[in-house]
Every structure is written in C-alpha cells, then in structure tokens.
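Encoded as structure tokens, the following chain is the form predicted alone, with no partner shown.
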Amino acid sequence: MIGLSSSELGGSAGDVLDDDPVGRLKVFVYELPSKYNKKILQKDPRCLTHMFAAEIYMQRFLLSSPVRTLNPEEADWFYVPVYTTCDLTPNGLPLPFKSPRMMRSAIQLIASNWPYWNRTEGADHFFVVPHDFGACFHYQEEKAIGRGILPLLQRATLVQTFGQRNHVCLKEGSITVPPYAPPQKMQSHLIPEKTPRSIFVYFRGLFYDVGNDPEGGYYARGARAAVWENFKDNPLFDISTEHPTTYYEDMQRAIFCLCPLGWAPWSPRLVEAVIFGCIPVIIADDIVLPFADAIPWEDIGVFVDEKDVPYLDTILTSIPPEVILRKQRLLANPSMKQAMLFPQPAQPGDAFHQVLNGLARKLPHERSVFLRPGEKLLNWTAGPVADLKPW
C-alpha cells in the first residue's frame, strides 16, 4: 500500500478495494441461446476491444468464478448475459436501436422458462449495460432522457459505465463501473517509474464534433471547445486532436490529464489516467465515478466545474506541490489501478471483484424485493411502440 494508512486513502477506501467477495454471495448465470451473446460477438469481434466490452468479459468471468452457483435455489443474484452494445457501425460505434427489443426478448425468455424473475420482477437480477447512457439505450442525451430506462429493467440492478447524479438514465442502486480499456495493451506501454513528468497538462481527443454537432456547443456541453479556445496556445497545455503512437507514454510524462465529458460524461481517459499515474482532471458536472463507494476520487483527482474551464490554468497552477505529490502517491497504489481493469484472467481486487463487492454489499435483500402472490409492478407494454416489436 506504499506505506499509506487507510485514513490517508480516504476513510477505509483502500481496505474496501481489497475486499474478497468469495463466500459473500452466490450468482446464478442464466444459459441463454447464443443469439443473445456469443453469436453477436462472432459476427463482430471488434466488440472484444472497444470501451463497452465489459458486458462480454463479465459473462466470461462469472462462468468460471467461485461465486457462481449452478443451483438457482441458493442464488443471491441472477445474471442475464445479453450483449446489447455489439451491433457496431463501420466506425466501431455501437448502435443501440435493437437493444431494447433484444433485452425485452431475453427477459420474456427467462420469465417464461424459470420462476425466479416473476418472484421479484427482476429485483434480484443484474444486467451489464455499458451504453453511453446505460439502459436508456440512445447515444444522444436528449433522446436517451426522452426514452428513459427500459421499463422492464426498473427493478433490476444495472451495472453501467454511465453515471450522473439526478439523471433519468441512472437509477438508485446501480453500480457504476469503469469503461473497458485493454490491460495488456496498456501494460506494454509502461515506461520506467522514475521518468520525470515534464508535461503539465495533457489531452488528446476531439474538441468539436462537427459531424454530429455542426453548430457547436452541444457536444461536451461546450466544455471541450472552451479548453481549446482558451488554452490552444498556452505552453503549459499539451493539447491536440492528433492521437500519437506515444499517447500512453505521454500520459506517463504528464502531471495532469484532462478527462472532460464528450457525448456522455465518461470516457476511457479516466482509466488510462489512473493506470499511468496522471492526476485526472474531471470536467463533467454531477458525474458519478466508478466504484465511488470504494475509490477516494476526491483525493486522487481534481474536479473542475464545466463553467470554470476558462480558469483551468489558474486552478491547476495554484495546487500546492505537496497536494500534487499526495495525489500521485495515492495513484501509485496498485489496488487503485487494479480496480479500474477487467483483466484476462481475472485478478483479486480487479473491476470484476469490485462489481461483486457492490452486489454483496446489497445483501441480504430487503423483503420488498419479493412480491406477494399475484402482485405485479412492471408494465410489460410501456415504452415506445417500436420497442415492443419482436426481436
């Protein structure tokens, strides 16, 4: 733990990250026809490496995990393996339009073939929904908000990358996880730890999305445009749209890495910053960060309100060196890095185990989870008409 006490890590955060979920919960994995998962992946193997891949690796992990039970009667949780983000455009972006029908179809299947869904209407079931806006299944925020969370998932626990407070696409009790970033690829770019951090602020990515937001101002709520307009000529800011082959190495040479919102508040930059020991500068109002009940984000990152982007230089240069050093020390903690990754094979304390810890902390289930005989809460015909068509 680099000689830091748990109080220095922000309460018991360090200890919580090291929790072992084995023995604390049992998970039953539904065996669904391969059209809901494996066949979709066979059609497009790009799904294995994109930032939404947690849904695939979570299933693989659970199938061989010691928390798996083959006896549904003793299960605390039920997992439904549906790959809803593996219908990709030629550019590799997930099209969410079939996802609601696919999810409904899977739920209809388990509800009619097993008794467990109907006992709780999904309140002891969990789903991995790593779309931009989770189970709202749309990549444009306005449309995602208009759709809301798929009605049949209203009682289930959602494991999702999207996290924003007071937002219709994040319901209470969801588990917010990091996006997938390929562990081996990052490992292969590590440079010596003692390399000096000579870049003050680093960012590579879009500032404008002219194709989808020709007027400007809608993409990233204008925050990325403000970064570029205010700091493109500032020598302390190494920012560009170019994505160099030395991207990972450059992050390891930087003190601060900007993690602004894009179309959604989250991106893999957050994971990359933590892995490479670069202090994440989080610019996304009301964001709910991965495993926020276990990772002391306030201690390792810097939060800047979107409206304060024009003052970024002043904000960052006024942070005392000892505070920077302390954040860097915390970032160097291997538990912190491990919790951000979905490695193959799984390792103690990784993101898979943090998800299980999150599920274990919800046990035992409250009585309200189990419905009385004949009681029904979900409306199977709610939602847009197009979602009700067979998949």
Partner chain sequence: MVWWEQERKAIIELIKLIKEGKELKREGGRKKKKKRSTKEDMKLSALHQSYLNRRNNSFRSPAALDSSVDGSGKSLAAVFWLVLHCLCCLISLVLGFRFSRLVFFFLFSTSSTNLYSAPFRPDLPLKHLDVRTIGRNLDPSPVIGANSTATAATKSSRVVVGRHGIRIRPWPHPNPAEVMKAHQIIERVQKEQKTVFGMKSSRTVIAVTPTYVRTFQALHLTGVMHSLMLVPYDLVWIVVEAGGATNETGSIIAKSGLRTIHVGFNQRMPNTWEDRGKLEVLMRLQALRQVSKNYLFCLLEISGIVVREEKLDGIVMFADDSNMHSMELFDEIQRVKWFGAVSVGILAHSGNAEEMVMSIEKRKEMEEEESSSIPVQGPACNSTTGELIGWHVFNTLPYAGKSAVYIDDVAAVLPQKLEWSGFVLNSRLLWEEEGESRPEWVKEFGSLNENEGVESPLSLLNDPSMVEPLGTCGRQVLLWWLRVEARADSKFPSGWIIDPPLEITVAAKRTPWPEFLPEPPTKKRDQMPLPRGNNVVVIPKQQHPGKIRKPKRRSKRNKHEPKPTDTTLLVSSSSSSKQHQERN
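Keep in mind that what you see is a predicted model, and the values were worked out from it rather than measured. Positions refer to the first chain, counted from 1.
Although not depicted, the form predicted together with its partner chain is the subject of the following passage.
- When its partner chain is considered in the predicted bound form, Trp114 lies well away from it, no heavy atom lying within 4.5 Å.
- Residue contact with its partner chain in the predicted bound form: Gly92 places no heavy atom within 4.5 Å of it.
- At a distance threshold of 4.5 angstroms between non-hydrogen atoms, Asp293 is out of contact with its partner chain in the predicted bound form.
- For the chain shown alone, Gln328 is a contact residue for its partner chain in the predicted bound form, at least one non-hydrogen atom being within 4.5 angstroms.
- This chain is displayed without its partner chain, yet in the predicted bound form the stretch 209-217 from 177-185, 209-217, 73-81, 116-124 comes within 4.5 Å of it by heavy atoms.
- Contact annotation for the candidate site: Arg24, Ile56 and Gln344 all lie away from its partner chain in the predicted bound form (no heavy atom within 4.5 Å).
- Here is the short version: of Lys98, Arg197, Arg155, Arg104, the single residue with a heavy atom within 4.5 Å of its partner chain in the predicted bound form is Arg197.
- When its partner chain is considered in the predicted bound form, only one residue from Ile324, Ala360, Leu62, Leu41 comes within 4.5 Å through any heavy atom, namely Ile324.
- Contacts between 225-244 and its partner chain, taken as any heavy atom within 4.5 Å in the predicted bound form, involve Ala225, Ala226, Glu229, Asn230, Phe231, Asp233, Asn234, Pro235, Leu236.
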